[in-house]
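Shown next as structure tokens: one chain only, the form predicted alone.
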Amino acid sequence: MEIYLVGGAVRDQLLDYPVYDKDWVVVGSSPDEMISLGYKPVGNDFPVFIHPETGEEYALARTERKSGKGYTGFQYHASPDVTLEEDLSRRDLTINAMAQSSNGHIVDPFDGQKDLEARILRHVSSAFSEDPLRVLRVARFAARYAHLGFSVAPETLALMQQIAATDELAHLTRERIWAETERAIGEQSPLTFFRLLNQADATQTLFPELLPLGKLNEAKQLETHFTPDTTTTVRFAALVYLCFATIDNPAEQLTHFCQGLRCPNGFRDLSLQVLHSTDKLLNWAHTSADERLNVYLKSDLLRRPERLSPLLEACSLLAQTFKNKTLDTQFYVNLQTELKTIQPADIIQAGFKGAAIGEEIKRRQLALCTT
């Protein structure tokens, strides 16, 4: 029984890049032996175990064989006779197909270190084309390491295009597509993800609504304003604004898109708020009191004041993109505070009754939005 550190932890360690997760492969063992050592089995499709103390994943060395469509269409074989090289040969990229022994020796049968030095994302073997999810994974790695000068090997891009030309991408679940997309949007160069998918002819199948992100100059400008503190939710809302703001029925189309992509409600809600509010916030001086008030009411910012901060952050990014200026966010926070001071109980106490209560609330709100 031998245990090796594998995959991303080895890659990022060699790149002097932050290592967040460690994955291990176990050669020469069996499920019964792992359980007897205190490891907890968690894998449904193949033997994966959780270390009883560290909580890290340990997988038995395995091989795989294509047996169906999509990324789940594989049969796995794990036994004590599967070698480390056989396990590494099924991985996607050479830079992910390295292992490190307990004494620090790097096992690198596919020249991943050379590709790291050359800043190349290259597939391990022709088996790459058996898993359509790898199209998204390569694009995500390109987004992560673009600032370090990484690019995709031409022959790997050709395989990605071959996958896109089949029906394999259509068999990916929307949840898996969203998981890769969400991670890519959080990377340092998220537009690289969309540009590479465009080059691979994959965007039309995956999410045709986002085709513009691979070529819009505004998208390039927007990306320059992202910081490590810009949340994925805010990035997503600002990016999709660029794709939906100028089309017919944008709110309806954006809602349909988010439902199809299976993104969480928080992403959808903020995106709709940004779609509704950006033009008004960026042109506040030329906006009527009714329109100003509607920014707060339509996004429910008086009952849910916590929504204002991410909305202003996303709109400020767009203001920098379109107008080369930032929003005076404190102004909108102060207006929200003033609007919240208007309470029905105070108006009732002042003698208003029935429909007049609502009319007086609206009158006072509009008065605040006029100044």
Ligand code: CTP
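Since the structure is predicted, the reported quantities are computational estimates derived from the model, not experimental observations. Residue numbers here begin at 1 and follow the sequence given.
There is also a form predicted in complex with this ligand; it is not shown, and the following applies to it.
- Not one of Arg119, Arg122 and Phe150 is positioned with any heavy atom within 4.5 Å of this ligand in the predicted bound form.
- Using a 4.5 Å cutoff between non-hydrogen atoms, Phe141 counts as a contact of this ligand in the predicted bound form.
- Within this chain, Asp92 lines the site of this ligand in the predicted bound form, having a heavy atom no more than 4.5 Å away.
- The closest heavy atom approach of Arg183 to this ligand in the predicted bound form falls within 4.5 Å.
- Contact check for Glu168: every heavy atom lies farther than 4.5 Å from this ligand in the predicted bound form.
- In summary, the region of this chain contacting this ligand in the predicted bound form, judged by heavy atoms within 4.5 Å and restricted to 264-272, 197-205, 249-257, 129-137, corresponds to 129-137.
- Put simply, of Thr156, Asn96, Ser299, Thr233 only one has a heavy atom within 4.5 Å of this ligand in the predicted bound form, and it is Asn96.
- Along 18-36, a single residue, Asp23, places a heavy atom within 4.5 Å of this ligand in the predicted bound form.
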